[in-house]
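A lone chain, given as structure tokens: the form predicted on its own.
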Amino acid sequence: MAAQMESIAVPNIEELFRPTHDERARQSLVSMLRKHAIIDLRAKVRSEYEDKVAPELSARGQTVKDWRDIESAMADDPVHRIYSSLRYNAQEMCYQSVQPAVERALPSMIDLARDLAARNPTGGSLQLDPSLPIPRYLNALDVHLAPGWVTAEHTHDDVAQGAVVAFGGKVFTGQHPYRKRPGVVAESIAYWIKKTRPGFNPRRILDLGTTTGKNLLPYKTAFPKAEAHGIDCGAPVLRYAHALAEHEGIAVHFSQQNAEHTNFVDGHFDLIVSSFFLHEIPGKATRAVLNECFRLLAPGGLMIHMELPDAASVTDYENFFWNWDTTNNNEPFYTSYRDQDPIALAAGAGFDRAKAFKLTIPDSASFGEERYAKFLAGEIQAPAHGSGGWFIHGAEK
């Protein structure tokens, strides 16, 4: 209750972001363009392949062996080229559309974040390490086409990348003008945990690659007695995340660390999670992160990563669709990550293969209680990942 009362007096860093009328109009347009590409044109590309390109390949006696054959066949298709061009440019514009408002608000955002870091009114904390080596896979390119991604710093005590990623992400996911609440991934996983493991009550939770913490805070809501930690290599996003958590009255301990090797003691956590993180790092780093998860988990603990479906779990066409990001979205490890078997990765890190899992779970906010009960009973499947479902993999220690 004290934390909630304190949160009322704490300004919200997000409220400092005040786009003009024209800037909001631009953000709405960009959001609509991306939605048109990723939903409407996506369906058109599939029809183009199934109704035109695939029959032409068959008529020429060409056999599609895997997704790469589909990619080659679609490379010069006009519908696919229009789709790719619109999707790429809309993606890039998502972050560009919020930058003017972020730049205007930046001094006030920095002052607020600095004040909250000094006071920690909810009992959370922010620990930064200026000497931490930033992996080249994070700062060598703008992942997701987000300029500066999560590590770029433009001024002292900077929070700009946190704001750009947060608000650009809202435009990206169609949440503009900010109608939907963030953290739906974490809400869905926490809901699944409670339904499948009703006695599970973690003492400590760790979110890897937490960025702005949006998919960490719901775990704290689901397990209010747990101590929550979020780590990231990017200082600007951690400053922003800490300010958000303090406003929400949620005590979270953020620290600047590389998930490949942290400073936590063995067996410190009962729940380790991540959201859209592992596909953004090289295979060697992925294995190091999973090894670290095994070290950090206490016996009976859970490791759960929300990720892209592995290649073996979907069709050749779906692999063609998902792997578009490898060459078009500054995510060079996308395909190689998806080529791996999540169960084998967990076993390679030391987890018992029999206690490892991969599956798609429903989005808890939209699926409905009655249908969720049928899903748990095995009577119906979850919607596909990205279309009302979330692909997760992990293991119990």
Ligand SMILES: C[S@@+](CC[C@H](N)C(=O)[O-])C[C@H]1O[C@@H](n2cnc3c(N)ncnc32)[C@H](O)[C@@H]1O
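What you see is a predicted model, and the numbers here were worked out from it, not measured in a lab. The first residue of the sequence shown is number 1, and the count goes up from there.
The form predicted together with the named molecule exists for this protein as well; it is not shown, and the discussion that follows is about that form.
Interface residue among F321, F223, Y191, Y137 relative to the named molecule in the predicted complex, by the heavy atom within 4.5 Å criterion: Y137.
Just one of L271, M109, I250, A259 comes within 4.5 Å of the named molecule in the predicted complex, counting any heavy atom, and that one is A259.
Residue contact with the named molecule in the predicted complex: G209 places a heavy atom within 4.5 Å of it.
Taking the partner from the other structure, the named molecule in the predicted complex has a heavy atom within 4.5 Å of a heavy atom of H144. Contact annotation for N215: at least one heavy atom lies within 4.5 Å of the named molecule in the predicted complex.
The named molecule in the predicted complex comes within 4.5 Å of no heavy atom belonging to F172.
Listed stretches are 195 to 203, 67 to 75, 230 to 238, 297 to 305; the contact stretch with the named molecule in the predicted complex is 230 to 238, by a heavy atom cutoff of 4.5 Å.
Scanning 249 to 281 for heavy atoms within 4.5 Å of the named molecule in the predicted complex gives Q257, N258, A259, E260, S275, F276, F277, E280, I281 in sequence order.
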